[in-house]
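In the form predicted on its own, a lone chain appears below as structure tokens.
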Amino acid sequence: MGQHTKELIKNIDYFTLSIAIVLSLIGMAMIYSCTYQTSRIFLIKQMLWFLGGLVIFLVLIMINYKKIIEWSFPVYVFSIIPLMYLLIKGKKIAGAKSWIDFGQFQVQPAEFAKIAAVILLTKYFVDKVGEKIGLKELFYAGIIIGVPVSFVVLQPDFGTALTFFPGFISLFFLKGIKAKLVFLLIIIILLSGVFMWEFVLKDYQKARIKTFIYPQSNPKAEGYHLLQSKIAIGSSGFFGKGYLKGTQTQSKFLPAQHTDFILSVLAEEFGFFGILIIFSLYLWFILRFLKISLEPKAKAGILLSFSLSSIIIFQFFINCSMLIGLFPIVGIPLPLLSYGGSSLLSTFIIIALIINIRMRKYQIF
């Protein structure tokens, strides 16, 4: 083994990887609690996706992230093709054409397209953009992010579409954006919101937003998810009701309990103490990401690390906010804990890329 390889292996962030593995194992334990009465296939699938995530992690950290950035355009185009296929040939699962069905397994291409878009944006900002972002750069960056987001919105999967924007916004602020363009962005976002309300959002999506504003308006329909989540969390006490003993969970009152609401399940069964442990793990996780993002000497490493970190931070805060009514329920899973192979794999890809950057932090782009 050469000196260079030894140095790379020495720089692997085992602490961050360990936290990711611990959170994944906790997630599998909670998935078992949600599903063991009906089927254990969910746990088996999640275990297989987890092993697949570890394999992808090992492969990705061995490829210099600079090469991955160089290949970003073909990777981006390749990630768009499944999104186009879904709109033409996709079958609706849970009301959206978001998944390609491979029999026992379903893959959600948007989870990978958001990473490809962020990597291409990083290349664009490094290669083409000067000190400040102008209108031309905003236009081209908008096309890079707008194409996959449009396909995802048409599926329709509004929640996943939102996860494309944290990386996009963080890159703008890291590079420095002119003040007048900030106002232009705000106007574009407001006009887009009006357009989507009138012409894009389905009735059930509008109902979720109305329920967010008036939580008690329809407790038996759109408000049911939030109400059950609050009951599960609020009734747990300091140490919870015990593993496999959550009444809202085991009686199946809590919907989407192994996916979007898995943290409510954990809160019910392990109480405030369990939530404290989980939040501490995520806090270490996030702080570690931010620390790694400040370490590289190469500009590309800083931009890519921050933008990828922002995706996980955004998903964590939005998911937690959904469970207690601080954000509309938009179907964003909790990274590493929620059931879902595509979500788990994409999170391990993000972790691999960030650790990859740390391993080569002394290299100048």
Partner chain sequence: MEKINYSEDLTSLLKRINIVKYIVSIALLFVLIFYWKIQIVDHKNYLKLAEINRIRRVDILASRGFIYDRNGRVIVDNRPSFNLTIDRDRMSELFNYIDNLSNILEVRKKSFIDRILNSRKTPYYLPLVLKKDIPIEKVSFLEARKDEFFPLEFQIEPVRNYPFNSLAFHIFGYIGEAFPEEISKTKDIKAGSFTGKMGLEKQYDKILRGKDGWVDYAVDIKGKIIEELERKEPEKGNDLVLTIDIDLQNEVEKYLENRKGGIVLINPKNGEILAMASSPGFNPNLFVSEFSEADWRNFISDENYPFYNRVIQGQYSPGSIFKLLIALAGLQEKVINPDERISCSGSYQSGNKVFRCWKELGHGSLNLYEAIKHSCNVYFYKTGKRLGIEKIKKYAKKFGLGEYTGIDISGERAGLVPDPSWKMKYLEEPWYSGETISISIGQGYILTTPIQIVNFVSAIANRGKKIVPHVARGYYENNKFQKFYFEQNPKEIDIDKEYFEYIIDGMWGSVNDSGTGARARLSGFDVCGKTGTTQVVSKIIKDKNEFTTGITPHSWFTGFASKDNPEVAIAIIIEHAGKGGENAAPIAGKILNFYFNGAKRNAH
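Residue numbers count along the first chain shown, from 1. Bear in mind that the values here come from a model prediction, so they are computed numbers and not experimental data.
Below, we turn to the form predicted in complex with its partner chain, even though it does not appear here.
*Determine whether any heavy atom of S235 comes within 4.5 Å of a heavy atom of its partner chain in the predicted bound form, and answer yes or no.*
Residue-level check for S235: yes, a contact with its partner chain.
_K175: touches its partner chain in the predicted bound form, heavy atom cutoff 4.5 angstroms_ = Close contact exists here: in the predicted bound form, K175 approaches its partner chain to within 4.5 Å, heavy atoms only.
*Answer with yes or no whether L51 is in contact with its partner chain in the predicted bound form, where contact means some heavy atom within 4.5 Å.*
Looking in the predicted bound form, residue contacts with its partner chain do not include L51, since no heavy atom lies within 4.5 Å.
*Spell out, yes or no, whether the shortest heavy atom distance between I324 and its partner chain in the predicted bound form is within 4.5 Å.*
Within the cut-off, so yes.
*Only one of M28, I313, L60, I69 comes within 4.5 Å of its partner chain in the predicted bound form by heavy atoms, so just point that one out.*
None of the other options qualify; the answer is I313.
*Have a look at I275, V200, L185, L244 for me and say which one sits with a heavy atom within 4.5 Å of its partner chain in the predicted bound form.*
Selected option: I275.
*Within 4.5 Å of its partner chain in the predicted bound form, counting heavy atoms only, one of 301-309, 52-60, 28-36, 336-344 shows up; tell me which.*
Heavy atoms within 4.5 Å of its partner chain in the predicted bound form occur in 301-309.
_Output flag, A96, L138 and S150 jointly within 4.5 Å of its partner chain in the predicted bound form, heavy atom basis_ = Looking in the predicted bound form, the three residues A96, L138 and S150 all stay beyond 4.5 Å of its partner chain (heavy atoms).
_Partner contacts in the predicted bound form for 272-306 (non-hydrogen atom within 4.5 angstroms of its partner chain)_ = Heavy-atom contacts to its partner chain in the predicted bound form: F272, I275, L276, F279, L283, I286, L287, L290, S293, L294, K297, K299, I302, L303, F306.
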